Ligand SMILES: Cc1cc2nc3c(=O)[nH]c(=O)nc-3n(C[C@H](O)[C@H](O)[C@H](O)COP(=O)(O)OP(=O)(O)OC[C@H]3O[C@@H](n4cnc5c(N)ncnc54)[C@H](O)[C@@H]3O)c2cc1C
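What follows is a single chain, given as structure tokens, in the form predicted on its own.
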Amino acid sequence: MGKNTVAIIGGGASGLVAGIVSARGGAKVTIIERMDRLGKKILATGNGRCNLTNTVLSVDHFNGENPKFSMPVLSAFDVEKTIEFFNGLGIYPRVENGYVYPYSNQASSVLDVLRQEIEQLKINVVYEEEVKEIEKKKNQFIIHTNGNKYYTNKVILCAGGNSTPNLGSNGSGFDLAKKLGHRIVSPYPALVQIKASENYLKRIKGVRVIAKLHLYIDDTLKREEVGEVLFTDYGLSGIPILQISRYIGEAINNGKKIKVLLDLIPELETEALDKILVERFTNMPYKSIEDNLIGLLNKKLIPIITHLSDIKDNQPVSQISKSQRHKLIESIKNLTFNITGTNDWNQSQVTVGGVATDEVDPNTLESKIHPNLYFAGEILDIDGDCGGYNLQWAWSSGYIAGKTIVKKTN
């Protein structure tokens, strides 16, 4: 490859942007991709729509040992610049409650324009070669793959994390970084479904509710979320669940007790709900509790709630005591699940952990250990909330790594 060359390991979101920016700046770029095509994971983002970014961008939506590490990069290539970059490639944006999508509503559109620009810039792409080792000799890197050796003076490591290995990243980038002397923050899956021990879950599989979620770790409230929760035969899913999953993974690793409480009617305070129940019981005293609650709760949930409240399904509401009614309200407002874990890497959308950021320059993403070695994307110990934040980190970090390389070269 020789002088003024850049080798990018990984052709995902960050690698594609890094390649485009480096090539536009005059570098000779080679992308080494272990899969048979570029950017497969992009196609799965935003439920196939590709949530490009989010207009509400702050450090509160990013996580890691040091979330503030992300801010210089995200400030240098922010939401406005991201939208401008993709608009220049042909992606007209659609903004929905802060979520930014291509107007076509197709993730394939985003991948298509990135590939087109890769071809236009005549970037060399090597497919189906997995990098086994990066060797540093003086001012040169020797990249060993399962079939070849590549010589270059600059490397951007964009190999991703462990999530969805069938779409590209399999954790091999962590091994490459570790062999080069970098510390790896232990990875675990995030933005992933969670498992619970309640034996009635199979009876409510497929039920969706709008709920307020309270996550407790060792009886301390950790986080609250509101949104649609999906019950599965093994536990819970939905965006609010994905948002809390990184904290659950961490707590599981530390052997802590985890509970999730769901408020099934979050719009009503306890007193207001009590008033409604009294009205329903008074107006329809001849109905059983199971029939009376139809129209207020999902029908499949009613026998679960009444059982937890020590009320028989066929008990007439006229016979329900005040204490039973209060227990019913408690079950509705605090439906409790004991959490036992999360689903595995195949179902997770992002990786928690990665290359420790204290060994990387926050402004350039260059290694503090090896000059001319850069990191971008999910391989770093930065992960974002659900809602376009992880893609924004990929675009921003890829852009800054590519831009820095161009500046150093020139």
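Residue numbers here begin at 1 and follow the sequence given. Computed from a prediction, not measured in an experiment: that's the story for all the values here.
One more form of this protein should be noted, the form predicted together with this ligand, which is absent from this view; the next part is about it.
With the partner removed from view, the residue among 364, 45, 30, 372 that has a non-hydrogen atom within 4.5 Å of this ligand in the predicted bound form turns out to be 45.
Site annotation in the predicted bound form: the residue of 83, 176, 244, 311 reaching within 4.5 Å of this ligand with a heavy atom is 176.
Using a 4.5 angstroms threshold between heavy atoms, residue 400 stays clear of this ligand in the predicted bound form. By the criterion of a heavy atom within 4.5 Å, residue 352 is excluded from the residues contacting this ligand in the predicted bound form.
Although the partner is absent here, residue 57 lies well away from this ligand in the predicted bound form, with no heavy atom inside 4.5 Å. This ligand is not shown here, and in the predicted bound form it never comes within 4.5 Å of any heavy atom of residue 303. Stretch-level contact check against this ligand in the predicted bound form with heavy atoms at 4.5 Å: of 122-130, 266-274, 250-258, 73-81, the positive one is 122-130. Residues 9, 10, 11, 12, 13, 14, 15, 32, 33, 34, 35 are the ones in 7-40 with at least one heavy atom within 4.5 Å of this ligand in the predicted bound form, listed in sequence order.
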